[in-house]
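The chain below stands alone, shown as structure tokens; this is the form predicted alone.
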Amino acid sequence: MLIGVPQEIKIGETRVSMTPSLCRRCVKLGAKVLVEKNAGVSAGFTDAEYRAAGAQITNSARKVWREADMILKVKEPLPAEYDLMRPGQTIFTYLHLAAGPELAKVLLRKRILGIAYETVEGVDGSYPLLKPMSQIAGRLSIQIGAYRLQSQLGGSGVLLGGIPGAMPGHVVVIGAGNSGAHAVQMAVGMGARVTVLDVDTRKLEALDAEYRGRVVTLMSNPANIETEVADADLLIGAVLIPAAKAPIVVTRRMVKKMRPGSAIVDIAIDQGGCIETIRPTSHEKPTYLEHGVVHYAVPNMPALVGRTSTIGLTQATEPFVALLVQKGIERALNEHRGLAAGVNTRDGRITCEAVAKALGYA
């Protein structure tokens, strides 16, 4: 098997899909690895390190795409890469097809075997390849939100931790999954007042037990959301249904009631976002103002910490990549139910029910 590792071209992307360590393991298992020049530099990995691990380095992205049996990426292919895909190729990456109908059409037309990190399942039914990036995005959301509340950036001028004699800022987190729970952790650590809402009482009970009254937990319903959003200094959207389009849980009317200069960070933007006023932004222009509220919605937020994100991601993907190399793609998919759950497109069909439903193919 020849594994291709192209340089990521999404704006501001600093992650790479393979570390030299993972490269070395793949080579020992019998794979050939072709890495585009400087693919790992932004994450702190040099071409020399990849060469020492057994990879071949090329200046040509086209060569990587055209020669590889399997393309290993971080982010979904962008329009500039559509023509580079080889019909029948395997692509293993975050696909987020529920929010990418055009990409889905290309994958179907080229009969790409698209394995999506976000729908690969663990033995316990969890999503192990989604987890590390959700954790990072959750933690970053508070860091970013706190910064965007600063007066000189158009924020309300609220310090999340407050000071003696001045109220701390109010952070409202909607969704208590991996990203939401890590947002809560960071917000509590900064000394903010924190409210978290979710439809799953077990998640709320776990957070209540962990923080012993330092966090307010509420059932996520329209009435509670409306009340808490209106009082939020920083609103974190962390609602995720794997593979499906994120549901809109915060309406435009709710956003209009927020105080001027308040901030929104929507972690669910990869799946379309869970806030009605949200639209994707980029690292070059990360925010916009709507109804007096600062909106941040960068889909590849973890790229802000490229080295940590790369290490976290590749530690999670390594067992699956190794399995694909060791057994071959077809056998690996046949023998590993969790990996097979990652298949979103195959032989010109969408094979993931949630994606098919989101895109109108079901």
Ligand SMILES: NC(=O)c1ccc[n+]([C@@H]2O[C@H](COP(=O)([O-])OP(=O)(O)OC[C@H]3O[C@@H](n4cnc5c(N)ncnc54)[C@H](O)[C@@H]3O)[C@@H](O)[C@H]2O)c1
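Worth saying up front: this structure is predicted, and the values here are computed from it rather than measured. Just count from 1 along the sequence shown to find any residue number.
Just so you know, the form predicted in complex with this ligand exists too; it's not on screen, but the next bit is about it.
For a residue to qualify, one of its non-hydrogen atoms must sit within 4.5 Å of this ligand in the model of the complex; none of V5, P77 and A116 qualifies. The shortest heavy atom separation between C26 and this ligand in the model of the complex exceeds 4.5 Å. Heavy atoms of S141 never reach within 4.5 Å of this ligand in the model of the complex, leaving it off the interface.
By the criterion of a heavy atom within 4.5 Å, P299 is counted among the residues contacting this ligand in the model of the complex. Proximity of V199 to this ligand in the model of the complex: non-hydrogen atoms within 4.5 Å are present. The stretch in contact with this ligand in the model of the complex, judged by heavy atoms within 4.5 Å, is 239-247, chosen from 253-261, 239-247, 152-160, 107-115. Interface residue among A99, A192, L72, M133 relative to this ligand in the model of the complex, by the heavy atom within 4.5 Å criterion: M133. With the partner omitted from this view, the residue of A137, I275, A232, L95 that lies near this ligand in the model of the complex is A137 [heavy atom within 4.5 Å]. Along 249-270, residues V249, I267, A268, I269, D270 each place a heavy atom within 4.5 Å of this ligand in the model of the complex.
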